[in-house]
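Only one chain comes next, encoded as structure tokens, the form predicted alone.
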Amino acid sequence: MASKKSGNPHKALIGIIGPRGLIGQEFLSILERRRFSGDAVLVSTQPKGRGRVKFRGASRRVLGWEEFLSNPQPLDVLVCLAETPWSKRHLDKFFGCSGAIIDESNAFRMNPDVPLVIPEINGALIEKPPKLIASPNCTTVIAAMALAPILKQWSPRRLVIASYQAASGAGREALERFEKESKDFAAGKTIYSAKFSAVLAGNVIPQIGVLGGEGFTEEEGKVIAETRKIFDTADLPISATCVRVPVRRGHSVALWLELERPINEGLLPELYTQFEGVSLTPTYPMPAYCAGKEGVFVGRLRRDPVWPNGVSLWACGDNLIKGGAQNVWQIVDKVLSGGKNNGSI
């Protein structure tokens, strides 16, 4: 039932499931900034229509997902920005409605038949768009983008990742709860957490997701598995520690990488200037600098003395933009343009 307009990005019809979430709002903003001249159908994760969303200066009605399916419009691309449980339960009901579906949740990322795509790294996987495409975890996107310029030149031997993830990575309710905690903390009031495993204001929490039997959390497992899949390095030894930090938006990662061959240290900065979507900063990026910006920022790039052929670096990016909405948009753009574009419409 896909639209016959596919191939002309400026006339495309995009369906967006979950436009009211944090990433949904950023996705709509990107459509406006990129002057996308096609149209969008907004669909709720609730079965019945609920409310309206501002888009292009107008109030747009949000259809319930059951309402949409009862009389579906032929879509060129369907973007699903719902949470993982919803995608697992309902997304297959939409498979006949669109030429391609991009899912931002964790529901299908590790399915071997579903490409896990960061367009700057492995966009060739969607030159002939498959039916379903997954966008990675926000932390994975930022870490992979920071690693990609190096891994285009040298093969990896091992990798250690430490992430410092903002409250907004847990969703709108968690962000609102963190903001309330911060006000209470500043006022000296007793505070408690309703959305995290501990109070986040004035604190850091070295647990994101459920702890597994081997001591790694759910989030750490995602980052490890997704990084291997994106770089097609199934046996690469990776260790990760994911930490929630008292920041509104902007994820940071510290990366330690050992390479198979000796590195040309002088070549490292040049690799970053040649790689689209990553900016090498003269000092180091921080969440306050990256919030609201597209792309990923890298600093403190240096030889690591612990491992042979070792490199250490620091990276930061807005988890809601490149970690979420921007990456999804770039996939949409590439699908609509037949693999020619990378978020350039």
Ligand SMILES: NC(=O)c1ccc[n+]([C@@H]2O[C@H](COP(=O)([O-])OP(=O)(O)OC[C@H]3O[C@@H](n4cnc5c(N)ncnc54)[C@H](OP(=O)(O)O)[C@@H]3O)[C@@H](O)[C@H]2O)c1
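Quick caveat, the model's predicted, so the values are computed rather than measured. The first residue of the sequence shown is number 1, and the count goes up from there.
Omitted from view is the form predicted together with the ligand, to which the following refers.
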Quiz item: Taking the partner as it appears in the predicted bound form, which of 288-296, 45-53, 32-40, 275-283 has residues with heavy atoms within 4.5 Å of the ligand?
Solution: 45-53
Practice problem: May I ask whether Gly15, Ser98 and Lys334 each come within 4.5 Å of the ligand in the predicted bound form, counting any non-hydrogen atom? | Solution: no
Self-check item: Contact flag, Pro74 vs the ligand in the predicted bound form, heavy atom cut 4.5 Å
Solution: no
Quiz prompt | Exercise: Ser239 in contact with the ligand in the predicted bound form, heavy atom 4.5 Å | solution = no
Quiz item: Is Gly171 one of the residues lying within 4.5 Å of the ligand in the predicted bound form, judged by heavy atom distances?
Solution: yes
Practice problem: Give a yes/no on whether Met145 approaches the ligand to within 4.5 Å in the predicted bound form, heavy atoms considered. | Solution: no
Quiz item: in the predicted bound form, which of the listed residues (Asn111, Ser155, Asn264, Thr84) lies with a heavy atom within 4.5 Å of the ligand?
Solution: Thr84
Quiz item: Among the candidate residues Ile230, Ile161, Cys138, Leu200, which is the single one with a non-hydrogen atom no more than 4.5 Å from the ligand in the predicted bound form?
Solution: Cys138
Exercise. For the stretch 305-322, return the residues whose heavy atoms include at least one within 4.5 Å of the ligand in the predicted bound form, in the order they occur.
Key: Asn319, Leu320
